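There is one chain below, alone, in structure tokens, taken in the form predicted on its own.
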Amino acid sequence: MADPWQSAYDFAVQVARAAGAVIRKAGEDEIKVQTKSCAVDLVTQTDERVEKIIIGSLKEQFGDGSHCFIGEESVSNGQPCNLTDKPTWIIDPVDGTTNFVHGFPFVAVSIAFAVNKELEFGVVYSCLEDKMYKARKGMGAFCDDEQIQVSDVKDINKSIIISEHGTDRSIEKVTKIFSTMQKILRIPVHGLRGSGTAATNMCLVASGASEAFFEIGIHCWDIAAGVVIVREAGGIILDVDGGPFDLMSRRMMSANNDIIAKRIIKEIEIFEVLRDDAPVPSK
């Protein structure tokens, strides 16, 4: 029986690499910065241009109208963020926009593909590092064609944990985020880190460089590809309360094993965020 999605997977890798080349070229030019929702959440013309390139290429390749698309910039411009049973591409054209603007060297193209609401494959191209992470469900995870796997560390005191502080600067959320970080540091762990891009953070877990990454407030396009890569590298994905993972919940814990995950989850101070698939308010 022919594999229905191998060609889509191979094409996603090509598209991610091409998009990364555009990002690198833009990084060499002067970047005009606009603000999105706040001064911290920066957006550049590159975001929109790269998303158009990715979606345009995918539509040209799979142009029968049977495929759906969820893209960061499209949703920002008012399109709904609904995951259906149809084949669906979930795209973050420039994950780590703030990094990109400042020349901080972690920027990724993230492309995931879901069918019947199940993630089939994910591609994360860390374009400034020139590292291609990829995985298909049931077929392992790879970085530049070399298979990767999560670390075998089970002692929380010997772990490196990744988290981010997000873009919401409300007192309540910032207080809970940093209180959580303080409690994790006092376990103690070897260290807390953050690359500024969720997709890259998940690939660091998948490749064994870190034992866990969690965040509240991320979006489905930030993590969809990384979810497949972590799982195929032998890791686990949970909700930050320890329950089942929900791609649209904007809450995610990824870890090398459940021992590390459950110990970190004990320290997380949860706060409310609006789901990605929440109804868009009418104007």
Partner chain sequence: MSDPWQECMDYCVEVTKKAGQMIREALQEDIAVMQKSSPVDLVTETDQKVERLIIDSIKEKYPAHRFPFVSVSIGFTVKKEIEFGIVYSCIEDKMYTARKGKGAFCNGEPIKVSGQEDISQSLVLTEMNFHKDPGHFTTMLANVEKILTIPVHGIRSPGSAAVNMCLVACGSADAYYHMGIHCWDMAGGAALVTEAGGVIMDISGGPFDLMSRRLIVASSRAIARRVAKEITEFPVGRDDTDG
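All of these numbers come straight from a predicted model, not from anything done at the bench. Positions refer to the first chain, counted from 1.
The same protein also exists as the form predicted together with its partner chain; that form is not shown, yet it is the one meant from here on.
- Using a 4.5 Å heavy atom cutoff, P105, T175 and R193 all lie near its partner chain in the predicted complex.
- Think of it this way: in the predicted complex, its partner chain has a heavy atom of just one of V75, V115, M139, L185 within 4.5 Å, and the residue is L185.
- In terms of contact with its partner chain in the predicted complex, the residue from L119, M181, L83, M132 that brings a heavy atom within 4.5 Å is M181.
- With its partner chain left out of view, the stretch that reaches within 4.5 Å of it through heavy atoms in the predicted complex is, among 107-115, 165-173, 84-92, 67-75, 165-173.
- In the predicted complex, its partner chain sits within 4.5 Å of a heavy atom belonging to S159.
- Within 4.5 Å of some heavy atom of its partner chain in the predicted complex lies at least one heavy atom of L204.
- Its partner chain in the predicted complex is not approached by D145, whose heavy atoms all lie more than 4.5 angstroms from it.
- In this stretch, 224-257, not one residue has a heavy atom within 4.5 Å of its partner chain in the predicted complex; the partner itself is omitted from this view.
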